[in-house]
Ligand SMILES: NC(=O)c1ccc[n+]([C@@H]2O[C@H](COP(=O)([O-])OP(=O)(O)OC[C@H]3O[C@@H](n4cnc5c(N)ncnc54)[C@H](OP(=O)(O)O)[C@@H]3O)[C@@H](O)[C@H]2O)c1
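The chain below stands alone and is given as structure tokens, in the form predicted on its own.
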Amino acid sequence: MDLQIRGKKALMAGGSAGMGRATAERLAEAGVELYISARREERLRNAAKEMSDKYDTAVTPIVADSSTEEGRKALFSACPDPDILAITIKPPAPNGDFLEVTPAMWRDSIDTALIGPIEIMRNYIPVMKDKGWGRIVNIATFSAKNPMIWRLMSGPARSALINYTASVSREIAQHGVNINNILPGMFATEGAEEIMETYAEAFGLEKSKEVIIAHFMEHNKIPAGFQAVADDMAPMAALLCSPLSRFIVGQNIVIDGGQHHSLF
């Protein structure tokens, strides 16, 4: 399918691994001028080179932590006028006992998963309005709609984010600028691998990959029968970044293998 975005400028915040990397790959494949950001410089630069070589398109790495004001300034300086903006963050660690969640933990979650994306969007929305066209996609989490006690550091901040985007998207759609969110379920990504040890600690499990996965699958019934990989989500993200999504405004698209039981 031709996404009709060849030659447009796209920024993928959090694009060196996982769902961000998979989305960036799809955008590069579609022929955009691509910028990707992440905190880990070596992995970021390797990802940018690999995508540039594979798809024969310009891919510019931006070393930045978008949850910080300094990091966001680096994004805005390196890529001041994207047509397409996609945002993801590293998944927070499982919190264990909810009574042990501290104000500092809440503040960190809000800075990363709410304030960071909002401030990036707030900077770029006027640019897109002036152009008369733009696409913004937040890759969030289905726990924003499906509360999970062990994911308190992930769900509530993103629930606030999708509330914000629902309001803002309806204000700016008349200018050709659309915001939508993807709410992925349980995906097997690099980020998920990195929090396995914390997951084991949260549930008092042996720190064995087999034990952790067995516990996870037992307590997180996925009708599809498997954990997804990042590229099970990326085609939808790329579609939402294109002119083909012109009548999709302020939506929250759950991709979770059927785990979430709500009709809407």
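Residue numbers run from 1 along the displayed sequence. The shown structure was predicted, so the numbers you read here are calculated from the model rather than taken from an experiment.
Quick note: we don't show the form predicted in complex with the named molecule, though the next part is all about it.
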| query | finding |
| --- | --- |
| Residues P61, K129 and K131 all lining the named molecule in the predicted bound form, heavy atom within 4.5 Å | no |
| Stretch in contact in the predicted bound form with the named molecule, which is absent here, among 36-44, 23-31, 50-58, 196-204 (heavy atoms within 4.5 Å) | 36-44 |
| Distance check, N178 to the named molecule in the predicted bound form, heavy atom within 4.5 Å | no |
| In the predicted bound form, D65 touching the named molecule (heavy atom, 4.5 Å) | yes |
| Partner proximity in the predicted bound form: S16 to the named molecule, non-hydrogen atom cutoff 4.5 Å | yes |
| Partner proximity in the predicted bound form: R135 to the named molecule, non-hydrogen atom cutoff 4.5 Å | no |
| Within 4.5 Å of the named molecule in the predicted bound form: residues from 68-96 (heavy atom criterion) | T88, I89, K90, P91, P92 |
